[in-house]
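First, one chain by itself in structure tokens, the form predicted alone.
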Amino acid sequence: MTLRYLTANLAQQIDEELMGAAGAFSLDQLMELAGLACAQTLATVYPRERYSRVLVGCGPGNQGGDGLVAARHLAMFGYKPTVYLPKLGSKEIYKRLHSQCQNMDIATINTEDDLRRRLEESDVVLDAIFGFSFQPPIRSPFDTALKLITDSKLPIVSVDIPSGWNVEEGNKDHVALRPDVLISLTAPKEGVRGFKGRHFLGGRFVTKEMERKYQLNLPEYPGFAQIVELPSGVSQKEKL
């Protein structure tokens, strides 16, 4: 059966049910599993022997929380991550995740100049800036950050939805990141149907009951892996 792609409303509904009686997960659990899947994806495509220096861009929401978890796991995998955090999230969980990174001696930068310099010293970017709840326009300082990341020509791994993309219509404004790798969480979103790069599914936490209820038709995860690779779609040029 065909894998289901989620609208913004359906993705939000599933998230709420995962943390409600149907799933009984805490936000901490979901972020930990999602961030681990993101770190595994980057490590699968970009081995640390050649791509050890990772710039992890984190927004102030839950997407950024996933990025902070991923940065911590990447450090444990032997990578050398740096967190770009122009705006610290206000939730207590976000502050704790950031403290965990600091306890792992992971550097945090927050200025445009620091970002420009660190991009010159990095091998790959993990994009966890905007999530599926993003609404345009892209505001400062994130508009400049996305341009600097794009101009760096570094390979990009995006979390769930590439930053700046509309969750249902994709990169319709042509101002967003165009990643080489995408890690969809729970299930892929409508806006990435035409994504051509390597596409992975992660977040091995969806209950069997929920999968049946929403007819997600998720693929089997291999062994103990937290990710599974999906077929690529049409080229981004064709889609644009």
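Everything quoted here is computed from the prediction, not taken from an experiment. Note that residue numbering follows the sequence shown and begins at 1.
One more form of this protein, predicted in complex with a further copy of the same chain, exists but is not displayed; see below.
Although the partner is absent here, residue 173 is not a contact residue: none of its heavy atoms lies within 4.5 angstroms of a further copy of the same chain in the model of the complex. In the model of the complex, a further copy of the same chain lies farther than 4.5 Å from every heavy atom of residue 88. In the model of the complex, none of the heavy atoms of residue 215 sits within 4.5 Å of a heavy atom of a further copy of the same chain. Of the heavy atoms in residue 104, some are within 4.5 Å of a further copy of the same chain in the model of the complex.
Checked against a further copy of the same chain in the model of the complex, the candidates 181, 187, 33, 177 yield a single residue with a heavy atom inside 4.5 Å, and that residue is 33. None of 99, 135, 111, 140 but one reaches within 4.5 angstroms of a further copy of the same chain in the model of the complex through a heavy atom, and that residue is 99.
With the partner left out here, a further copy of the same chain still marks one of 147-155, 161-169, 121-129, 74-82 in the model of the complex; by a 4.5 Å heavy atom cut-off that stretch is 74-82. Taking a 4.5 Å heavy atom cutoff to a further copy of the same chain in the model of the complex, the contacting residues in 14-35 are 21, 22, 23, 24, 25, 26, 28, 29, 32, 33.
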